[in-house]
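Only one chain is given next, in structure tokens, and it is the form predicted alone.
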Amino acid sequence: MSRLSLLMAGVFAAGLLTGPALAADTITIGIPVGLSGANSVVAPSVVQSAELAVEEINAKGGILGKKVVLEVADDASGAAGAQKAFDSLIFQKKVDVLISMETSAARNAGLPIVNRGKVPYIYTSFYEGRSCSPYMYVNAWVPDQQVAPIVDFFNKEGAKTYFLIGSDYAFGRGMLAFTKAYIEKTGGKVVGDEYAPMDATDWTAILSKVKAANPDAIITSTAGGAPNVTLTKQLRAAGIKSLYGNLAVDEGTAKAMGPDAEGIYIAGSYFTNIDTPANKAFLAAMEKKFGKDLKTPNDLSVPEYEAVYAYKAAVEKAGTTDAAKVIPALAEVAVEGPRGTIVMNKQRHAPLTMYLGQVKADGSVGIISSFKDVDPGEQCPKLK
């Protein structure tokens, strides 16, 4: 046999030993996320949270003795990109689980692929609610948990009239439909509701209608990230002084807005100012790992960190990565994280401690009040 033949045989043998063996010794988490498009402002913080969780888990022996690795795919914050990302992760990369924050458009496009591939999917983004799949769990808030703190506060501040502004897709319309019903239920009046495309950058026409209506309060629900920034900057430039509640801004995006974010009221399940040992330890670990490159942890990235640990707990409870056994286990495990104890045992969703806050001049959020273990309500009653 020639030297070349011997060399090729050695390479082939090494491949046989390391290829399948390496795959058998790893657990792969797929992260489809909007590295481009509307979510590009916040997506890097989501990836960082997952990277920290995986580093911590691997430092303690991995999951069932296996090393955990990440596969990140850009879903471009929309349906077409999500279809490509989900298909690649599930059928080409053969991931064991999907864990990610995405737009509702991306999630809705990806779910049929999840169902076909029969892969567990932990959705870590706050959203409009009532999206259900046998393979999906959600550890972030829904409108049943998030809307009341803002509207109730505005009502106490004397607000009688409201103007609603949203992105024209499932999240924007779903959130504001719930909000409108709640405002009217509590005695308020919606004097206008307007929507712009998901990638809108010019809000001039809508803001002209707001000025004409002169509402006591404005509540917005855009796609997370870039649309939030442009709307807020233009709203401030227009000199509108109404109370301003934002259902879609995270703390990281608020910092990106600069001075324009000051005074915005937001409700969420996570702010960096949560004063608990678990949150302080998490922030310290993030700072140590990423240093000057750290993206502000927020209500879209922290659930990602906790979801990686939830998957770890479910696999260890099941004793396997087999989806049929991991899926029911996800409803039974509890994760102690920066947001407290998270259990996704309410129709695939989680009771959450919610906070009402107001953005300060430095972009951080001052907590006004908290609401412990807020129930997500009826979300997926047909799923166990």
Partner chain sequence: MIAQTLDIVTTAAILYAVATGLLLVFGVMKIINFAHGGLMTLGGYAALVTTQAGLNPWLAIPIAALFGGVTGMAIERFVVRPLYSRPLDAILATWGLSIIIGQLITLAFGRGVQFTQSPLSGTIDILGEGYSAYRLALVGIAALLGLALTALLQGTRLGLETRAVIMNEDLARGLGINSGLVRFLTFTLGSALAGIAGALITPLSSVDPAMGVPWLVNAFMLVLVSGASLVSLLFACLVLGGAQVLVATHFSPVLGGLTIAVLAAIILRLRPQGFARD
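For clarity, a rigid core is taken as the largest C-alpha set superposing within 1.5 Å between two forms. Keep in mind that what you see is a predicted model, and the values were worked out from it rather than measured. Numbering follows the first chain given and starts at 1.
FYI, the form predicted in complex with the partner chain isn't displayed, but the following is about it.
The closest heavy atom approach of Gly225 to the partner chain in the model of the complex falls within 4.5 Å. Taking non-hydrogen atoms only, Gly37 approaches the partner chain to within 4.5 angstroms in the model of the complex.
Although the partner is absent from this view, Pro197 contacts the partner chain in the model of the complex, with a non-hydrogen atom inside 4.5 angstroms.
Proximity of Thr201 to the partner chain in the model of the complex falls within the 4.5 Å heavy atom cutoff. Heavy atoms within 4.5 Å of the partner chain in the model of the complex belong, among the stretches 271-279, 209-217, 155-163, 296-304, to residues of 209-217. Contact with the partner chain in the model of the complex, defined as a heavy atom within 4.5 Å, is made by none of Gly263, Ser370 and Val374.
Exactly one listed residue, out of Ala248, Val114, Met257, Ile183, brings a non-hydrogen atom to within 4.5 Å of the partner chain in the model of the complex: Met257. Site annotation in the model of the complex: the residue of Val41, Val333, Val359, Val68 reaching within 4.5 Å of the partner chain with a heavy atom is Val41.
Contacts between 325-355 and the partner chain, taken as any heavy atom within 4.5 Å in the model of the complex, involve no residue at all. In the core-superposed comparison between the shown form and the other one, Ala284 has its Cα shifted by less than 2 Å.
Once both forms are overlaid on the rigid core, the distance between the two CA positions of Pro134 between the shown form and the other one is under 2 angstroms. The rigid-core alignment places the CA of Val95 less than 2 Å apart between the shown form and the other one.
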